[in-house]
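Take a look at this single chain in structure tokens; it is the form predicted alone.
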């Protein structure tokens, strides 16, 4: 039995009861990867596989046939923390053979919301000549005493400052929990040449144990003209164009590495 996991969509980090920080990811590429995997096994008349599809509520999704649906388990997530826990639990519970980590996970989540006026007052109240003045200011900026509750709508009658903190990285979990997983990572950059895409893709692979990386540039996103480089072992193995073609290239190259298990 082959176990396959896919993440898709963009996370959404809450600011208050009605506002959120999100990104532009649609999850369409992840869905095309799902369809490509289903087509791959259907063409070979194989049923010895299981797909876990981890997706946000804004991710693109179509209706699967009853037969297709029988091979897929859907796990809904929302923010970066929920993705972290879902991936951690899955990779500890299941020996995942292939993992396509296409989800756009926020690097930051909300630490606090404060009015600029109250934050300025708090900083101004610090001792002016303290030897650790820098540390005191940093403490206020990271953890102010006066902040808004994040469970209600923040009033709109004042200017505010959003304090952000880093989220836990999800991709290192995959190989930490399942060292034998074939891991496909993704990297999106802006205003860089192909040489830089390849360099950053190779760095991502080295730092997180990715077996393959699809790297693309922001200006080259789109349904039919989406393009990038697919790398493996430091070399470009494909330059597919179009989201569907990218997904098919990823699955084709991935399955060369063990699709006949």
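Please read these numbers as outputs of a predicted model, since none were measured by experiment. Numbering follows the first chain given and starts at 1.
The form predicted in complex with a further copy of the same chain is left out here; the points below concern that form.
* Thinking of a further copy of the same chain in the predicted complex, which stretch from 94 to 102, 79 to 87, 175 to 183, 135 to 143 has heavy atoms inside 4.5 Å of it? -> Comparing against a further copy of the same chain in the predicted complex, the contact stretch is 135 to 143.
* To do: Give a yes or no for residue 241: in the predicted complex, does one of its heavy atoms lie within 4.5 Å of a heavy atom belonging to a further copy of the same chain?
  => Because no heavy atom of residue 241 falls inside 4.5 Å of a further copy of the same chain in the predicted complex, the answer is no.
* To do: Indicate whether a further copy of the same chain has at least one heavy atom within 4.5 Å of a heavy atom of residue 252 in the predicted complex.
  => Contact check for residue 252: no, nothing within 4.5 Å of a further copy of the same chain in the predicted complex.
* Heavy atoms within 4.5 Å of a further copy of the same chain in the predicted complex: does residue 72 have any? -> No.
* Asked: Are any of the heavy atoms in residue 237 no more than 4.5 Å from a heavy atom of a further copy of the same chain in the predicted complex?
  -> Judged by the heavy-atom cut-off of 4.5 Å, residue 237 is well away from a further copy of the same chain in the predicted complex.
* Asked: Thinking of 17, 21 and 124 as one candidate spot, does a further copy of the same chain come within 4.5 Å of a heavy atom in every one of them in the predicted complex?
  -> Verified in the predicted complex; spot residues all in contact, yes.
* May I ask you to list the residues of 174 to 197 that have any heavy atom within 4.5 angstroms of a further copy of the same chain in the predicted complex, in sequence order? => Counting only heavy atoms within 4.5 Å of a further copy of the same chain in the predicted complex, the contacting residues of 174 to 197 are 188, 190, 191.
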